[in-house]
Structures are given as C-alpha cells and as structure tokens.
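Presented below, as structure tokens, is a lone chain in the form predicted on its own.
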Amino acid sequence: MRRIAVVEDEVFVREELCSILSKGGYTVETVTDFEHAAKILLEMAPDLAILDINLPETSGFQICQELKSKSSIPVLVLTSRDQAKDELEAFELGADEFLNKPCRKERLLARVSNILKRFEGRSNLIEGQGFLLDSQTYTLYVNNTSVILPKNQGKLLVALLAGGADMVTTEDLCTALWGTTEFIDENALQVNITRLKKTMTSLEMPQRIVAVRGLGYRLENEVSQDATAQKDTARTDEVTT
C-alpha cells in the first residue's frame, strides 16, 4: 500500500486529508514537527509528501526545497494561497503538483494517483556515503543540491556503488560503460574515471575513487584530518604506555 505523508498545521484540515486518503486506499502518516519536517520526511521516505505552505516555524517552500535537493520524493503543494507567484515558486523549488484548498476530494485523489503513476518504478535510488544517486536518471543528490551526471560518469558511479567497499574490476567497469569486455580501452576508462573524480571533488563528496593497480577501482571513504590525528595520538599513547 502506498504511503503518503501529510505536513499540515491546521488540525481539522489535517484530519480531513487523512480521512480522504485513507478511504482512498493509502497509508497516511502525519508530520507536525515543522522545523525538522524535511529531515523527518527523508527518514520516512514516503511515496508522496503533501505540503502546506503556511506553517509555523518554517514554510512549505523551505521544506520542499530541502526535500527535493536531497531526494526524489514527489511533492504535492496544497495551500489556501492562490497567487500565481506561489505556484511558480513551488514548481521552481521542485514541487510536482500544486493544488489550492479547499478542493474536491475527487480532484485531490486524482492528482495523488497521477503523481504516483508518474513516479512508479523509482525505487532506484542508491545510497552512498552522504549522497543519493538515481540509477536511471543519474541524478546525484548531495550537500543540499542535485546534479545530473553525464551518462558515463553515472554508469561508473553506479558500478562502483554496487561494489561497496570492494574493488570493481576493470572488466566490470568497461562492461558498465560499453556493455562488453571484448574491447577494453583502459585509457578511455581512465579518462572517464578522472572526469568522475573531478565531479566528486567539486561537489565535496565524502568518498574518493582509489585505483587498485592493474586490477580496477574502488570507492573509499575519506578520513578526516581530525580522525587521522586521533589515530596518530592513540598510536603514540600505545607506544609510551
């Protein structure tokens, strides 16, 4: 059963939405901690989020922006504000639908159904260290931004993520890029790896690509200077005690 999260501060409206959606066959969850709503929604990972704009402590616009910068969760903005600029701003921030309230329950359910159909099969998000990657569109969500990677970079990152902490062989990476190992061009592979490295560095991603000489590549989490210093101190303490 599809899960829908409702972010609405007016109790009566929230209860009415929950009732309509529940009767429509959906599992409904509510978010009332508006200051941390985006974080809660990311943890909940619902199939759809319905957001009001006018909320205490924050706004639906801010929640929408943060949510869409870090995930592909579809968002329906439902508000009593009917100014055209609000609708435009919502879409600019990544909202997938915009409805004015009050609205007929049939219209609400129709919009919800349409959004969910558009997003069917998008359980293709791969989680990395501090980022998400859509394996179909190669959209990378990291550090409060989203970037569509060039196809070859996206293919390589998907293959490296599939390897986890293990090495991915040159043959497997070539297969990911070109669909065959009959002709392995290590120079072309290295060019594409170098481009992906530059992209990851520019986005300040917490992982780096490490070459395993003559064999392949793997993703490795960067160790912060503080962590390295703590390890060095621990070693020193062990020696002196």
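Note that residue numbering follows the sequence shown and begins at 1. The term rigid core refers to the most C-alpha atoms you can superpose between the two forms while keeping them within 1.5 Å. Just so we're clear, the structure is a prediction, and the values are computed from it rather than from any experiment.
The form predicted in complex with the DNA is left out here; the points below concern that form.
task = Classify Asn192 as contacting or not contacting the DNA in the model of the complex by the rule of any non-hydrogen atom within 4.5 angstroms, answering yes or no.
result = Contact check for Asn192: yes, within 4.5 Å of the DNA in the model of the complex.
task = Answer with yes or no whether Arg104 is in contact with the DNA in the model of the complex, where contact means some heavy atom within 4.5 Å.
result = Output for Arg104 is no: heavy atoms all beyond 4.5 Å of the DNA.
inquiry  = I'd like to know whether Asn187 contacts the DNA in the model of the complex, with contact meaning heavy atoms within 4.5 angstroms.
reply    = Yes - in the model of the complex, heavy atoms of Asn187 and the DNA come within 4.5 Å of each other.
request  = Give a yes or no for Thr79: in the model of the complex, does one of its heavy atoms lie within 4.5 Å of a heavy atom belonging to the DNA?
outcome  = Close contact is absent here: in the model of the complex, Thr79 is far from the DNA, nothing within 4.5 Å, heavy atoms only.
request  = Could you tell me which stretch in 60-68, 45-53, 211-219, 32-40 has residues with non-hydrogen atoms within 4.5 Å of the DNA in the model of the complex?
outcome  = Only one stretch passes the 4.5 Å heavy-atom test: 211-219.
query = Looking at the DNA in the model of the complex, which residues in 15-42 have at least one heavy atom within 4.5 Å of it?
reply = Sequence-ordered list is empty.
key: Core-aligned CA displacement of Arg107 at least 2 Å between the shown form and the other one   = Superposed on the core, Arg107 moves its C-alpha less than 2 Å between the shown form and the other one.
request  = Compare the position of the CA of Leu93 between the shown form and the other one after a rigid core fit and state whether the shift reaches 2 Å.
outcome  = Moves: no, less than 2 Å.
ask   = Does the C-alpha of Met44 move 2 Å or more between the shown form and the other one once the rigid core is lined up?
value = Moves: no, less than 2 Å.
inquiry  = What direction does the Val147-Pro46 Cα distance move in the model of the complex compared with the shown chain, closer or farther, given a change of 3 Å or more?
reply    = Those two alpha carbons end up farther apart in the model of the complex.
task = Please say whether the CA atoms of Thr137 and Ala37 come closer or move farther apart in the model of the complex, knowing the change relative to this form is 3 Å or more.
result = Between the C-alphas of Ala37 and Thr137, the gap widens in the model of the complex (3 Å or more compared with this form).
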